[in-house]
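Just one chain follows, in the form predicted alone, and it is written as structure tokens.
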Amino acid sequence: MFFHIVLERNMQLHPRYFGRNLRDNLVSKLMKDVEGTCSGRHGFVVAVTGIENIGKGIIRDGTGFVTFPVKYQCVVFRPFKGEILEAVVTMVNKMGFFAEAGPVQIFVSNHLIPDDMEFQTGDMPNYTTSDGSVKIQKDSEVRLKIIGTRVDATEIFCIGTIKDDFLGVINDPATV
């Protein structure tokens, strides 16, 4: 789920940032550029934790910009099949519900919701047990298991299930 890895990136810096604060300017630009982004290969970059090496800059012909190779450490978030996550429900419809666990969006189909839960329409659509004791609606917190992932170049999508032991609603906003 969370990994501490070393990545490399070529950073371009404008000449106005040269001077005694060159390193600080380069590090702040790196943080601004990579934190919160997603690479399909590594996952979502949560935070840059350190700089391992800043190489010698290469001046770009005709522009004055300088390209610096930067090797940095960062924490990344990457979900895998079979992992158990806690997520917040963002949307409920008759096909299932969408939930978010940090930056990852997870879809749980109605086939992967326990059979004793029925879809209820209305101003606040939800899945409710026959006795009304458990309700999944917008802003409910659920514990789910990831059964599949699809990785794009800039996004990760997951399919989840709550049709297993110890999975389901862990906090219902309607009862608070």
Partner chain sequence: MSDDETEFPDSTDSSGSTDELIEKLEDELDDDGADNSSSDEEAQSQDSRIKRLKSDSTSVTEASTSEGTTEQKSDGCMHPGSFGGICIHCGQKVDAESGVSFGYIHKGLKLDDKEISRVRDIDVKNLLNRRKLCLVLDLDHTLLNTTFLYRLSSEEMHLKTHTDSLEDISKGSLFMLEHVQVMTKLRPFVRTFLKEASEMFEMYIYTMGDRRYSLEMAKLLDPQGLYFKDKVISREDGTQKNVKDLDLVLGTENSILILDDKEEVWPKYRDNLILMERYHFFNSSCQDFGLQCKSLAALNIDENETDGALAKILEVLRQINYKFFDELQGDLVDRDVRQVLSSFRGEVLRGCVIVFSLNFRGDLRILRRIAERLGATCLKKHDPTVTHVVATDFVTKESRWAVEEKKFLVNRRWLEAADFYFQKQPEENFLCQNALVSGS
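Positions refer to the first chain, counted from 1. Because the structure is a prediction, the values reported are computed rather than measured.
If you look for the form predicted in complex with the partner chain, you will not find it shown, but the lines that follow are about it.
K.L.:
Heavy atoms within 4.5 Å of the partner chain in the predicted complex: does Asp61 have any?
P.N.:
Close contact is absent here: in the predicted complex, Asp61 is far from the partner chain, nothing within 4.5 Å, heavy atoms only.
K.L.:
Even though the partner isn't displayed, in the predicted complex is Gly132 close enough to the partner chain, meaning a heavy atom within 4.5 Å?
P.N.:
Gly132 lies outside the contact set for the partner chain.
K.L.:
Does Asn53 reach the partner chain in the predicted complex if we count a contact as any heavy atom within 4.5 Å?
P.N.:
It does not: once the partner chain is placed as it appears in the predicted complex, Asn53 has no heavy atom within 4.5 Å of it.
K.L.:
Is Lys32 close enough to touch the partner chain in the predicted complex, meaning at least one heavy atom pair within 4.5 Å?
P.N.:
Taking the distances in the predicted complex, the answer for Lys32 is no, it never comes within 4.5 Å of the partner chain.
K.L.:
Pick from Thr121, Ser28, Thr37, Thr49: which residue has any heavy atom within 4.5 angstroms of the partner chain in the predicted complex?
P.N.:
Of the candidates Thr121, Ser28, Thr37, Thr49, Thr121 is the one lying within 4.5 Å of the partner chain in the predicted complex.
K.L.:
At 4.5 Å, heavy atom to heavy atom, what parts of 133 to 148 sit next to the partner chain in the predicted complex? List them in sequence order, or say none.
P.N.:
The stretch touches the partner through Ile147, Gly148.
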